[in-house]
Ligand SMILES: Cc1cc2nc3c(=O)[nH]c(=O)nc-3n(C[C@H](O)[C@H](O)[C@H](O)COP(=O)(O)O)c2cc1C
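Listed next as structure tokens is one chain, alone, in the form predicted on its own.
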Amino acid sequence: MSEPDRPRIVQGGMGAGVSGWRLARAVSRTGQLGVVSGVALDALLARGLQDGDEGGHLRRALAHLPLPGVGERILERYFVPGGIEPGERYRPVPKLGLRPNKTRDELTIAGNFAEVWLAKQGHDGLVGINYLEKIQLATPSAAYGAMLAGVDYVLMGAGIPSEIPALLNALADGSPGRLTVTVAGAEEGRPFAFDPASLAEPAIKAKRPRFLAIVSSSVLAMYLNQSPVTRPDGFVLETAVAGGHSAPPRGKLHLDDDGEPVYGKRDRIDPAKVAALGLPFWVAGGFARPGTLAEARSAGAAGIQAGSVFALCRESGLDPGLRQQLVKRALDGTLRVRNDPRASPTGFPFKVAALPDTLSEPDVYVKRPRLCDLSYLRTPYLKANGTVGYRCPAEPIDAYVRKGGDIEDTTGRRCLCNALVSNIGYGQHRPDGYVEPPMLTLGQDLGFLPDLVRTRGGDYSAADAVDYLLGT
């Protein structure tokens, strides 16, 4: 990767639909790397079509999907002209699983294709997509869909993405993309594959995107760099103050007086050690201020990654009302962003921004019926009969325990899957009238906001944010 090809700013791939195609496109048009979130894009495509696809953007993207019949089948199943009635329940999408499911693969591919294809329209800039390593069962088909749209970068965090370089190589060649899926209670993981030839014969080949591994330690960077098989094309070095999931502290978990994980010297990233590997890297978490880009580059980084500054801009996918509340509270000093060690079903600490009427509030959490229907974060586990089942610590407690889960793991767990899609206006309506509440995440360093709002206004754009970050 030559120096001119490296963006100085990588926009964070946040939540489900927060970093959607509109935001990524706006950033890419400035010459930096716009990134879409790759989480739950099958559900977002289905729900967007059921809401009537205002502007026809999703249908326009599906018309360019190079898989005969796939777009038509999805439209027949999910598109509702004019949108479903207010309060009507969204039609479900197939859950992730080890068993092959062509309908699920088609929807996943189409959702990822549409998001990237739309982000790439109207400019010749770079577009990336961000995945969670924890959602292994979606990755092969999701990545293939993004690659069919010409995605330039794949980024992945929340785990050890050692098999992703080989996966991308295989998919680019039109060959089966393989992963080893972690199964709780099993000595070895289970092989899982997606074959592009299952949807088109001959299989369609695609450009191989560059892969950036999001890591929180130089030790993991060095481990991934050891072999050409696991070596990424670069790294994002993420500190614990970055939004969303963060790696737990190394060693025994200690909590401070506010119940947040305590990070120590072992958790600090040594940029010099990563620079010595010879691969480009970007630093993330607390770098959204003028001058930090120059500091990062002087330390050997190619640039910075920033998330929250883009999550709060006008092109963000966040519900406008929620976004405005976050900005107002951050400016008046009443917004608290807590690194909650229990909120996420993944077991990773998760940044939760406290807002009324969201799952950050204990009374809202207690009133929510426990259920698991989107199920992106459920964990495969080995059943007594040797087959694989699925469980999630945010599902009904008795069901989780019946599946062999530890009851202590259920305490405080939030259903991130439903909450995150609610953040962007796609919350599910239940038959009894219950509406899924949102739950917001941001980085813990929001010091950029007063100066940015003072100079650009409270409804600043993604281009304003880029200009701000490029300032000296």
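Position 1 is the first residue in the sequence shown; the rest follow in order. Small disclaimer: the values here were computed from a predicted structure and weren't measured.
There is another form of this protein, the form predicted together with the named molecule, and it is not shown here; the text below is about that form.
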{"property": "Every residue of Ser28, Leu118 and Gly317 near the named molecule in the predicted bound form, heavy atom within 4.5 Å", "result": "no"}
{"property": "4.5 Å heavy atom contact, Leu96 and the named molecule in the predicted bound form", "result": "no"}
{"property": "Proximity of Ala213 to the named molecule in the predicted bound form, heavy atoms at 4.5 Å", "result": "no"}
{"property": "Touches the named molecule in the predicted bound form: Ala306 (any heavy atom, 4.5 Å)", "result": "yes"}
{"property": "is_contact(Ala394, the named molecule) in the predicted bound form, heavy atom dist at most 4.5 Å", "result": "no"}
{"property": "Partner-facing stretch of 241-249, 335-343, 395-403, 257-265, counted where any non-hydrogen atom is within 4.5 angstroms of the named molecule in the predicted bound form", "result": "241-249"}
{"property": "Sole residue of Pro140, Gly71, Gly285, Pro165 within 4.5 Å of the named molecule in the predicted bound form, by heavy atom", "result": "Gly285"}
{"property": "Leu45, Ala61, Cys417, Leu442 - the one with a heavy atom within 4.5 Å of the named molecule in the predicted bound form", "result": "Leu442"}
{"property": "Partner contacts for 114-149, taking the named molecule in the predicted bound form and a 4.5 Å heavy atom cut-off", "result": "Asn130, Leu132"}
